[in-house]
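Starting off, we have a lone chain in the form predicted on its own, written out as structure tokens.
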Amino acid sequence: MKKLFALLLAVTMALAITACSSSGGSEDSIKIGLLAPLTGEVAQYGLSVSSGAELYIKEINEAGGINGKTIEVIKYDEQGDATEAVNNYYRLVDDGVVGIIGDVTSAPTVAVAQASVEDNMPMVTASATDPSVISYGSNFFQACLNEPYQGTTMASFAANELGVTSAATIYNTGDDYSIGCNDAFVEQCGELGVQVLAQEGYADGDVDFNAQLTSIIASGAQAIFCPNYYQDDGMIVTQARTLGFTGYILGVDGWTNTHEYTDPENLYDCYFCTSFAIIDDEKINEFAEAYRAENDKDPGNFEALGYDAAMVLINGIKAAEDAGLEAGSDEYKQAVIDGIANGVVEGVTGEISYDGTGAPTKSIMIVSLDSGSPEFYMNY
């Protein structure tokens, strides 16, 4: 009987410890989730975002955490798949996280955003630019600039700064990011009197863009807008220049590493908008130096946005902790959300605040590739 009682007591204590640790952390730690594609076709984006986010969490913990509590990160690989993303979201809920950084690309993020509403889970995506991700509930925030904003910005830049009066576009018809930026660019061109002479689409996995580019060149367009990711854009730039196009080639924040996928001599008159570039700025230089020390390479846009997404979430968590609320409770989660919505953070991608929606209020940067590598051109 004594042995049975001891066994029951041990089980009861174990369950009590488990319950405590699964509800937001412990007296000494706070659990947060990180959801990203760490393997698969879009792993480069997930790995970049997660490395930036984890650098910020490391810095917070080394500085004493939040009111003496360390941040414990639970990270799951959703492999770029929407179903896996939702499954892993519920794993994080079961793990007792108080907020989540993620997801990374738009389709999985949309799926997770819809799932997160019922739990009122505080979530911050570093890089999902689809404007619908913040439409399902007030719990979801973007650290990045959305597709309409980027497409509109590049149309205005082309017209007002470059003097472009005619343009064409080439975009991935199977990618929501590419479509969203393309549609916004075309609409803004119409508002500004810029003629869009051709809109050429291509499919995922295409590597030959000669037919589309030949049609664009024949149209006489002064500029080509390529709202795609850098592997495709590198091939498009190479093939456009080979075919004799000498006009402007414009992009959005998916262009971050385009210069690594084409020869430098092809990059004249190429511009893209982004939240981040390494420029002579004290805060950016400090971040870049810390990132290099940790990862032995320069950070890019996705790394910087991951860093800032973590900053946004931690700022909300600080508000809940300062209020003395129970981690994981409904009141705690709402306090995190309110802390994000009402807070301001000085990120490496600029000052980030929210004005009644989950979309950030922040500036956008135009980057030139004339020298063969990214260089700050102007804030826009």
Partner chain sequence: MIFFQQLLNGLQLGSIYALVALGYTMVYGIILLLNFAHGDIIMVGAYVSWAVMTRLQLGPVTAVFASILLCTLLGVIIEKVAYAPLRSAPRLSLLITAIGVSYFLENGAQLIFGADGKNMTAIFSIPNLTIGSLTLSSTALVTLAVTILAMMGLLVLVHKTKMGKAMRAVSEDMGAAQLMGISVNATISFTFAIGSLLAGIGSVLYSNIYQMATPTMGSMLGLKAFVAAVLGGIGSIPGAMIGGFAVGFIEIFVSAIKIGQQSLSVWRDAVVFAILIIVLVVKPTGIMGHKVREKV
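Residue numbers count along the first chain shown, from 1. Only a predicted model underlies this, so the values are computations on that prediction, with no experimental measurement involved. Just so we're on the same page, rigid core means the largest C-alpha set that superposes within 1.5 Å between forms.
The next section is about a form of this same protein that is not shown, the form predicted together with its partner chain.
| Pick from 273-281, 240-248, 288-296, 134-142: which stretch has non-hydrogen atoms within 4.5 Å of its partner chain in the model of the complex? | Looking at the other structure, the answer is 240-248.
| field | Contact test in the model of the complex: residue 161 vs its partner chain, heavy atoms, 4.5 Å | value | Outside the cut-off, so no.
| message | Test of understanding: in the model of the complex, would residue 79 fall inside 4.5 Å of its partner chain by heavy atoms? | response | No, no contact at 4.5 Å.
| task | May I ask you to state whether residue 148 is within 4.5 Å of its partner chain in the model of the complex, using heavy atom distances? | result | So residue 148 does not count as contacting its partner chain.
| Hey, in the model of the complex, is residue 202 touching its partner chain, heavy atoms inside 4.5 Å? | Result yes; residue 202 sits at the interface with its partner chain in the model of the complex.
| said: Considering non-hydrogen atoms and a 4.5 Å limit, which listed residue (334, 353, 44, 29) is close to its partner chain in the model of the complex? | reply: Selected residue: 44.
| field | Proximity to its partner chain in the model of the complex, single hit among 95, 187, 72, 206 (heavy atom within 4.5 Å) | value | Partner contact (heavy atom, 4.5 Å) among the options: 206.
| request: Decide yes or no: are 109, 129 and 363 jointly within 4.5 Å of its partner chain in the model of the complex, with each residue judged by its heavy atoms? | output: Not one of the three qualifies.
| request: Within 4.5 Å of its partner chain in the model of the complex, which residues of 214-249 have a heavy atom? Give them in sequence order, or say none. | output: Residues within 4.5 Å: 214, 215, 218, 230, 231, 235, 238, 239, 242, 243.
| Does the distance between the two CA positions of residue 161 reach 2 Å or more between the shown form and the other one, the core being superposed? | Not so; residue 161 is displaced by less than 2 Å.
| query | Is it true that residue 191 shifts between the shown form and the other one by 2 Å or more at the Cα, once the core is aligned? | reply | No, the C-alpha position differs by under 2 Å between the shown form and the other one.
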